[in-house]
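Next up: a single chain in C-alpha cells, the form predicted alone.
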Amino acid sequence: MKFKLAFIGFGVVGQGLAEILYSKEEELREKYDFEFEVLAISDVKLGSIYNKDGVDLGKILELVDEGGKISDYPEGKTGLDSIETIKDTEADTIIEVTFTDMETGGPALEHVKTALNEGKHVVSTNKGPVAQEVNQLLDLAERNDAHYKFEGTVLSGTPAINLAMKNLAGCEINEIKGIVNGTTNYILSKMEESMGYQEALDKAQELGYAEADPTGDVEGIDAQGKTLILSNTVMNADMDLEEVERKGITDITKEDIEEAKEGNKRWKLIAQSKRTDDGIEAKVSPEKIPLDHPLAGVMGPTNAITFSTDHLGEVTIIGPGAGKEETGYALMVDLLSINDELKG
C-alpha cells in the first residue's frame, strides 16, 4: 500500500519529519517496503495546500526555508483549515504536530478525534491528547480500524513507550523512574559546575534548551505530562494530570548541590510512576540520586528512563529527548510501525 499523508502543523517537528521522508524516500521503500505521498499540509502560520496527486516535499521545504508560505505552492487547492484538511482530503494518515496544550489537549485533541472518527491513522508528538484522553483515543482508533501512535511524546526519538510496550512485553513493570526534561537536567548539571540557578537558566536559554518563558520546564509541568502518559500507557493507570504530584527545581540552591555531592549523590528532576497496594502513584520532584544509579550519570540535556521489571531487573534507556531531527524520527518510527502492522 501507499500511505497518503497529511500534515496538520508544519513547524520544527513537522519539517523534521518532512526532511527525513524527502531524503530517505528510496531507502524507506527498498528497506522497509514503505511507500508514501504527501497530499496535504495545513499550518496556522504558513497556510495550506492540497493536491490529490501529491505535492513535492522538496519544493515545499525550499519554499518554507526561503521564508515563503505553503500556500504559495503553485499546484493544488489552498485555504483548507486543519479540520477540512483531515475530513475533506483523500489522506489516510494524519501527522498531527500542532502546539501542545496540556490543560485542554486542544486543538490537537479535536484533530486526533476527527481523524480517528474518519477511520484515518494518526501519528503525533503532541502530549496534550495523550495526557487528556489516551485510553479513550485508543478505543476510538480500535473501533474505527485505525492506528494512533505517539512514541515521540515522552523522549522524542528515544524509544521509551515502544521499549516498554513491545520490547519488554511479558515483563511486569513495577516502577518507572526517569529524567524526561532535558532543560532541567542541563540546569542541574551546570549548577554542579558552580553556576547559580539563574546563570544556568540563562545559559540554557542562550543555547535554545529553554524557552523565553521556562515555566513549563523548571516548574515540572512538561515532566508532569510525560509522567501521566507513561502511567496511563505503560502502567495501565487511568489518571488525570492533577493526580500526578509536581514540584520543580526552582528552590534548589548551590548549597543543596554541594550537600548532595558530599553524600555521593546528585540532584535530578525525577519523573516516577510505581505500583503500590493502593494503585499507581505518580509524581515529579527533585531527588538526590546515588552516584551508582544509572540515572545519576545522565548529564546535560540528555534524557533517560529506568524501567524496574520482574524478569530483567532494571532496564535503562538513555538518549535525546528533543530536537528537530530526533522528534521527526519518532514520527517516522510510528509510520513504519503502522506499515508493519497493516501488512500483518
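A quick note: this is a predicted structure, and the numbers were derived from the prediction, not measured. Heads up: residue numbers just count along the shown sequence, starting at 1.
Not on display, but discussed next: the form predicted together with a further copy of the same chain.
In the predicted complex, a further copy of the same chain sits within 4.5 Å of a heavy atom belonging to Glu172. In the predicted complex, at least one heavy atom of Leu168 sits within 4.5 Å of a further copy of the same chain. Of the heavy atoms in Leu138, none are within 4.5 Å of a further copy of the same chain in the predicted complex. Interface membership of Thr158, defined by any non-hydrogen atom within 4.5 Å of a further copy of the same chain in the predicted complex, is confirmed.
Interface residue among Asp292, Asp33, Asp53, Asp65 relative to a further copy of the same chain in the predicted complex, by the heavy atom within 4.5 Å criterion: Asp292. With the partner removed from view, the residue among Arg29, Lys45, His311, Lys59 that has a non-hydrogen atom within 4.5 Å of a further copy of the same chain in the predicted complex turns out to be His311.
With the partner omitted here, the stretch from 65-73, 45-53, 280-288, 312-320 that lies within 4.5 Å of a further copy of the same chain by heavy atoms in the predicted complex is 312-320. Residues are counted as partner-facing when one of their heavy atoms sits within 4.5 Å of a further copy of the same chain in the predicted complex; in 323-342 these are Glu325, Glu326, Tyr329, Val333, Leu336, Glu341, in sequence order.
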